[in-house]
Each structure stands twice: as C-alpha cells, then as structure tokens.
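First, one chain by itself: the form predicted alone, in structure tokens.
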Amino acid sequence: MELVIGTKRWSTWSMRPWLALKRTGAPFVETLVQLREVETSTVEIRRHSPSGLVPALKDAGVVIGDSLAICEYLAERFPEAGLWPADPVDRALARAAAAEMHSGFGALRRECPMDLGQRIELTLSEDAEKDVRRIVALWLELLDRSGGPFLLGGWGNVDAFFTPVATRFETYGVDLKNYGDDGRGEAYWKGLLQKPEYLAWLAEA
C-alpha cells in the first residue's frame, strides 16, 4: 500500500487519510510530493494520481483519490481499527460531520490555511466566524451524544477530518469561548493535537 501526499506543513487533505492509515497500524509506503513547486509538483503528482491531486492511495492495483473516499476504503479494509463507530446512528452522524468538513467551511479555509508551526494574529471575517460557530455547535452536539473524549467516543475518521481544523485554531489563536464553546470544544481540539498519529505527522512537517 502506498499513500501519495503533499507537503505536510500545508496539505490538510493529505493529513486526514494519513492519520487514518497510521491508526490502522498497517505498513505503507509514503510518497511525498512537495507542493508549491510550480515547475515540478504538478508533473510529479500526475505520475501517481490521474486526477492530478493528492492524496492518492495505491492498493490492490488501483488508485483511490479523495481523502474521504480513502478513509472510507480504510474503514472497510481494516474494520478492526474502528475508523467509523459500530453503532449505525453514530456512524451516520460521523459520516455526516466528516462530509460537512470535507465540503464546507470555505471562509475559514481561505482565511486560515493550515501552516503548521506558525502563530499568526488574524481578525476573522463575519463568514469565517459563522464557520467557527457552526463547528463549535457541531462538536458540542456530538460530544453531548458520546460523552467524549472524541466526537463519537473513540478516535476515528471524523476526528481525522477535524484535526486540520484544530491546527488552524492553534495557529491563528481562535478562542472558541467567543463562539459558543463551554470549554469542551477547546479540550477536544487540544486532545486531537496530542494524538500520537498527529505528533508523528508534525515531527516531519
């Protein structure tokens, strides 16, 4: 199994399936493409990924693109890893939250790109603040249901999807108390950044 990823400092899309794959404990080859190197990165990515995008997972003679599709594949390939909750309702809620992160929160993405290791002062726009409020509300709703420590109890794909968000809150000093948090949201994102899988990623970023 080979996972093709982009620069660890910046590539949120690559981080998600990398964390999930690391969680499975399965051996894999990591192929890193340095992003933002205009003359080489596009050509190098297309050597591995028909879509011209990373991440891409190579396994069983096929290439799977898109971070959510890869995480779905890993959950089925390694059911013992528990990447989705066993309970069908919890599983549906986890998938819905991951999909919302996958396709939404555009203002927060634009204004607060992932940049690991940096500390940046920034005033969020009204649209980005709306995104943060929605994230906080979603987190608290799921934590109410599960009791924590992660969104649906044990760490899984949905938490992999929100780990890049946690890095943004750290980098840009976003105080969730200003957006409806009762302290559990902050504790959750800080917990994500203490997971051994994330720390292994950060060490190489």
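Position 1 is the first residue in the sequence shown; the rest follow in order. What you see is a predicted model, and the numbers here were worked out from it, not measured in a lab.
Just so it is clear, the following notes concern the form predicted together with a small molecule, a form of the same protein that is not shown.
The small molecule is not shown here, and in the predicted bound form it never comes within 4.5 Å of any heavy atom of Arg134. The small molecule is not shown here, but in the predicted bound form it comes within 4.5 Å of a heavy atom of Trp13. For Gly52, a non-hydrogen atom is located within 4.5 Å of the small molecule in the predicted bound form, even though that partner is not displayed.
The closest heavy atom approach of Asp66 to the small molecule in the predicted bound form falls within 4.5 Å. Partner contacts here mean any heavy atom within 4.5 Å of the small molecule in the predicted bound form, and among 24 to 32, 143 to 151, 44 to 52, 169 to 177 they occur only in 44 to 52. Contact with the small molecule in the predicted bound form, judged by any heavy atom within 4.5 Å, is made by just one of His102, Lys130, Arg77, Arg91: His102.
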